[in-house]
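Only one chain is included here, represented as structure tokens and corresponding to the form predicted on its own.
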Amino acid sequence: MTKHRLFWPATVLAALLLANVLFTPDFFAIRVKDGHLYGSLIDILHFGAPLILVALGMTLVIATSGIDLSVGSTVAIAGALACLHISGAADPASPGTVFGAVAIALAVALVLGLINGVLVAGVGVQPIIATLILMVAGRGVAQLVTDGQIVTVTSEPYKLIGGGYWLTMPFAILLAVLVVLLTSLLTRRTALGLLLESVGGNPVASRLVGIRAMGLICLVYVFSALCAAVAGLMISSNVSSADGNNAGLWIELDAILAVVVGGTALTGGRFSLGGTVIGALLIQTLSTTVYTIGIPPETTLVFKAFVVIAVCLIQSPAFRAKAARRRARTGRGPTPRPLTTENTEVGA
């Protein structure tokens, strides 16, 4: 069971959740108030929903041996465009106005993702360079859209996306679950997932067997941008405002961490959507834990880095084999079995 790729991330997540009970005895308590579910676990899922979506798109990009550093800027642009459209509308509370804002944000994200895909697959620019361009420029575009100001909106239909409730649950959780299920269905119940892994694992062989890598690579970058746009709508909706400077700041790094912790290899060729979801929840639980136990916010990133390094080392077969050999030499453990080829395939 310990060889399963999700075992160690899930174990660390469970341990981290249990550790919170030491500081917050009612950490696992879930209450119903005004017909809505409340509690620390609900908060982790609620505030972790945008990261889950961004990490989901990042997973498919990494599966093709790529990387998308522009998702944070896409988050900012999507939120800025949506809030600007709503704030300038004659009736901000109209469902039509909100649908228009969502459509504008998704359409722009589609174009941004397509630009990334064409740069990577069509022009041949390295993924980290191609997306770094939009990462830098996109943040400036978001500030241009908002004129460097925080755009506030008052719209109940828009508030539903990131801060509202539906069927007693935060709507953002339901939306994230729906996207995860649809993505899992498309990639694991059809040949799409296998094709993506083929392109990422051996692009030469995939080209020789007739797989059109360019279309698939463009598809994953577009999907990544759309996921980031939905995350941007959630974030801006939750705070009823758009901040082009801070919205989605460094979320691309958290998404990459979530993908790595979830067991997806950065070299491409294989991916785990379930691992990515666990990784994103682990990252969000870390943030919640930091604030719960009173660690200074200035050290949050350092605390997070130590935990992520520990998780990566624990789930690394090479590190575990080395530790087992060390214990065997000191007579404190059984003789370790040699590291097999199957074990070395696990990422992180």
Partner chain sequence: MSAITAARGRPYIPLLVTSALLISMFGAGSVQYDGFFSGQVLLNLLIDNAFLLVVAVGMTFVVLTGGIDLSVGAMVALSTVISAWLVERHGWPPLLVIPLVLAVGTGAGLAMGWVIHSFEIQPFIVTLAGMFLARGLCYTISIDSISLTDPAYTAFAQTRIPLPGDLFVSPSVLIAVGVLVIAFAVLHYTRLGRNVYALGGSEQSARLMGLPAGRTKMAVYAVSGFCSALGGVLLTFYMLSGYGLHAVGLELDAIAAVVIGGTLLTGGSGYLLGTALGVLVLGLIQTVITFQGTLSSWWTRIVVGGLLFVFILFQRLIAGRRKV
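Superpose the two forms; the largest set of C-alphas matching within 1.5 Å is the rigid core. Positions refer to the first chain, counted from 1. Here the structure is a predicted model, which is why all the values come from computation and not from measurement.
One more form of this protein, predicted in complex with the partner chain, exists but is not displayed; see below.
Put simply, of 136, 103, 182, 194 only one has a heavy atom within 4.5 Å of the partner chain in the model of the complex, and it is 136. Out of the listed residues 107, 144, 174, 167, 144 is the one that sits within 4.5 Å of the partner chain in the model of the complex by at least one heavy atom. If you check the partner chain in the model of the complex, you find a heavy atom from every one of 67, 148 and 299 within 4.5 Å. When contacts are judged by a 4.5 Å heavy atom cut-off, residue 90 does not count as touching the partner chain in the model of the complex.
Using a 4.5 Å cutoff between non-hydrogen atoms, residue 124 counts as a contact of the partner chain in the model of the complex. Proximity of residue 178 to the partner chain in the model of the complex falls outside the 4.5 Å heavy atom cutoff. Although the partner is absent here, residue 96 sits far enough away that none of its heavy atoms falls within 4.5 Å of the partner chain in the model of the complex.
Partner contacts here mean any heavy atom within 4.5 Å of the partner chain in the model of the complex, and among 200 to 208, 231 to 239, 78 to 86, 269 to 277 they occur only in 200 to 208. In the core-superposed comparison between this form and the one not shown, the C-alpha atom of residue 308 has shifted by at least 2 angstroms. Between this form and the other one, the CA-CA gap for residue 65 and residue 321 narrows by 3 Å or more, being smaller in the model of the complex.
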